[in-house]
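This document starts with one chain, in the form predicted alone, laid out as structure tokens.
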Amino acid sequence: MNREAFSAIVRQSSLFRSINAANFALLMENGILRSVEEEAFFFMQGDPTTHVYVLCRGRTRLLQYTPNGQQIILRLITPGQTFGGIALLQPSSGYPVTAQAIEDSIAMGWEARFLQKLAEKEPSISLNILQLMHHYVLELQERQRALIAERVEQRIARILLKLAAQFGQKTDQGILINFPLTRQAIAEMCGTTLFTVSRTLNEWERKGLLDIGREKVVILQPHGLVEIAEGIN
């Protein structure tokens, strides 16, 4: 994939899709490409907030570590999505999350100081980053509500349905979550234990709701998962 193809991905991103042609050209002139190998990091939680990124190739996850060392997966990033945007709002606070490549990945990044100056000429950048942060706040509120009000089975079902919506691929069997997905990763996204996830998935497989392989999940009965997620079942 060449720089022109990356340019098309950046143009479609929620952060930059509204800016005019002249400012977009300036944006691309000042962008740097970063290649990160599988399991390596774009940045770590607490690192200085120097750059904002748009993922151009691969997949990346945003992690947060609790004081006792527990790892939580907050979000999965796919091409065209922005990460590290906090650098525009709170450049002195440090990244609140870790960005780790799930597979070999390439992102285009910009120095926060450059984007802040560009935003003075292109107010849509500031508006877009605020909208992104608003979306993240709503997402965290929903996660908090789920932790308090929902059974763990509901949370697991919701995560699987969300991943199916984001990465789902229709097959003869059902909907394949076309994403390397371990039970540990599901546990980290749901805020529960590996034991609970394994027990739940095994039960759902026995009931014919899922087909589970190594780092693979096929949803055989999406309606059944929806009923669990909604607390009907």
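The model shown is predicted, which means the values in this text are computed figures rather than measured ones. So that there is no doubt, residue numbering starts at 1 and follows the sequence shown.
There is another form of this protein, the form predicted in complex with a further copy of the same chain, and it is not shown here; the text below is about that form.
Among residues of the shown chain, residue 114 is not one whose heavy atoms approach a further copy of the same chain to within 4.5 Å in the predicted bound form. Remark: residue 162 does not count among the residues lining a further copy of the same chain in the predicted bound form, judged by a heavy atom distance of 4.5 Å or less. Using a 4.5 angstroms limit between non-hydrogen atoms, residue 182 is distant from a further copy of the same chain in the predicted bound form. Residue 152 falls outside the set of residues with a heavy atom inside 4.5 Å of a further copy of the same chain in the predicted bound form.
Although a further copy of the same chain is omitted here, in the predicted bound form none of 195, 202 and 207 has a heavy atom within 4.5 Å of it. The partner is absent here; in the predicted bound form, the one residue of 118, 76, 129, 156 having a heavy atom within 4.5 Å of a further copy of the same chain is 129.
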